[in-house]
Structures are given as C-alpha cells and as structure tokens.
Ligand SMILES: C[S@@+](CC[C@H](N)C(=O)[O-])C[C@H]1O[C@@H](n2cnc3c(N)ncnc32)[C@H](O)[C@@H]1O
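So this first bit is one chain, no partners, the form predicted alone, shown in structure tokens.
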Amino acid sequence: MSGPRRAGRPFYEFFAGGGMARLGLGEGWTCALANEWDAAKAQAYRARFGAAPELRVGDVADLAPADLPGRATLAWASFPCQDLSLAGARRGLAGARSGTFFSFWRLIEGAAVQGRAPAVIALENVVGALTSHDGRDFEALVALLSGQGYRVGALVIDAVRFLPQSRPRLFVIAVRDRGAIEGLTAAAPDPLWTTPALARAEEALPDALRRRWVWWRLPAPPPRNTDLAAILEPDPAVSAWHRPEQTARLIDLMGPASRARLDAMQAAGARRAATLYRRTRPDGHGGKIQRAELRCDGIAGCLRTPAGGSSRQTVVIVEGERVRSRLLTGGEAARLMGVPDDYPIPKSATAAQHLFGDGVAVPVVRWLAQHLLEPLADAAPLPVAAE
C-alpha cells in the first residue's frame, strides 16, 4: 500500500482521450501535462476537468521535450493500437496511428537527456501488442524501455474483474530505480494477471532483456458485484427501441449457438438482459456471412469505437417469448467504463461510443495506481535535473 508521502505526484497523460486514466489515478496525482489530438475528445476532457490549461490539443509529434513541464513522477500513455508495429528499425509503421508511439518516446528520451526522465512509465494497449509481428514489436518496446534504464514488467488486466464488460488490456509498467521494486515483484508470473500469450512473449525476449524483466505483484480485487442489468437505463428512459421487424432480423442472423442461448432465455421466463454484436464470419463454403452473436452471461462485450453500424453494441431484453432490442446508450457505455456519475456524457451516442470505446477502464487504473504505481512512485527518487 502507498503512503501519503507524495500527495501531489506529478504526471503526464499522453493520448489522453476523455481523461479516464486521470480519473483512475485520482486525487493523489497532479496532471502537469495532457495531450490529445482529437478535438471532440479534448472537448470532453475540458467538460470534465474545466479549462484544463495543462491540456495540449494537437499531434504529439508537434511537442518538444521543452514542452514537458517540470519532472513527472509518471508518464501514462494509452497509445493507439491501429496499425500497431514496433518491430525492426521502426519499419512497418506506415500506419500513422500506432506509429505515434515513437513521437511520445522521443519526448521521454529528450527528458532523459535533461535529467527529467519520469520515474515510472505506464503503457496501455490491446493484448494483440504481445503477438504483433510475431512478438518482435513487443520485444522492441521492452528494448526501448530497458535502453533508458527502466526495469520492465507487464500485466494483462480484464476490466471484467471490476465492471460487467469483457475488456482485456495489456499494461506495461516500467520503473527506473531498482530499489523501488522491492516488495512489489514476484519470483514467477501470477496466473491472475499473466495470460499464456504474455508468458510466451517474456520467454521469447533475448536474455539481456529478460534480465531487465520483472513480474509485478498485484493483489486480486474483491468480487465484482454488478452485472449488465445493473448498468442499463430503465426501459421508459430509452426511446430508440428497434422496431419488431428489426429485432426479428437480428434473430434471423443468429447462428445455432446464439439461437440456443436465446431459446434458453425465453424458456426461463424471467426478464433477462444480454448484448449482441454483428460480426462477419466464414460461412463454411469459402465465403463470408454476417452473424448476430448473443452474449447472455450478464457481461457486455468489449466496447469498440463505431467504425460502422455493426460495431455498436446491441442490448437485447428477453421477457418470456417477448424479445426487444436497441443500441447501447452513451450513459451505459460510460458506466461500463466505470466513469463517475458526474462525467459529462456527449449528447451524440456515436460520439460517446467513440470516446468511451477508445478509453481505459477507470477502476482498472485505480487498482493499478493504488497497489503498484503509487508504491513505485513513492519509493523511486525523483530524477535530478541536469545542470
């Protein structure tokens, strides 16, 4: 557990979105700089945090190390996952989104030259980062951190441990001071936070990088006490229910497994809530077919940004033979990410999906901060500025 020694730990928040990492870090941290290129997300950030003079809106590539104020204890970066590639001599980065990681890293390298490297770095991304380019991207990421003197470890945390949403994410945590890790590491990976893919990625690292690797110790959270039904809007508060023929069309798109789940829910008779995504699947004959895939275990599927109508999650309510459907609301998306009730939700449901679907689950960040980031930050000496 962390102590009160540094109540105002300064941090930088890159790829800040609507500030969900900042919400998770909480009152024990002070945001010295936030950066977000998307104007709509920046508007949401200001709606929650006020004028936020610390927010720099624009491309991270336009920032220079001199733009980073003071000495941050932590640099948080939820860098984009699109076109992810960190392998080789920075080749394969034609995708402009994930390649922005190197613009962020250039700032960290510049701060290090000035004696202002953050004591702790936290990187958040999709679990696919572990296997991208056959693991070479992950190796390159670890090599960059290690090359700047950081000890590196990673955890895979699924938001479902805290919220009724399946949302596994990779968290790479790095610290410069070796002494800070005492009591916060384990001799072996914890199955609670280590997937087979993460274990294989660590095993595939060169020996020099494995010697810089640590397995972080993180306690198990208490059992989750909410399910999908608890975060849904009351029926009268939702006006945009699908027409019966639209719901019937979704049922027609279900494959045998989803249809069997629906039949079982109907047979139970009680009111039940489920979620549904439309996805394109192989049809078994060399072609593709659209399927409506139903999830009825009280957990929502992973929120995604609306790349099209089929990517927005559908809520299905079953009451005996009666089946109704509608799209997930912005408020429901917010609750699935664990943002506080006073967070200003965009009026457009599409904008809300974009904001929250790109975010990081707030309770996950809080758990990480309480049990790992704060102890690391409070144990690590602040960097000394160069003369």
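On a predicted model such as this, the values are computed, not experimentally measured, just so you know. When you see a residue number, it is the position in the sequence shown, counting from 1.
The discussion below concerns the form predicted together with the named molecule, not included here.
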property	result
Contact residue in the predicted bound form, chosen from G58, P340, P69, G50 - any heavy atom within 4.5 Å of the named molecule	G58
Residue (of S78, S258, S132, T314) lying close to the named molecule in the predicted bound form, criterion heavy atoms within 4.5 Å	S78
Non-hydrogen atom within 4.5 angstroms of the named molecule in the predicted bound form for each of G128, Q165 and L170	no
Close approach of P10 to the named molecule in the predicted bound form, 4.5 Å, heavy atom	no
is_contact(D38, the named molecule) in the predicted bound form, heavy atom dist at most 4.5 Å	yes
Residue contact check: G17 to the named molecule in the predicted bound form, 4.5 Å heavy atom	yes
V360 within 4.5 Å of the named molecule in the predicted bound form, heavy atoms	yes
Candidate stretches 30-38, 314-322, 328-336, 344-352, one within 4.5 Å of the named molecule in the predicted bound form by heavy atom	30-38
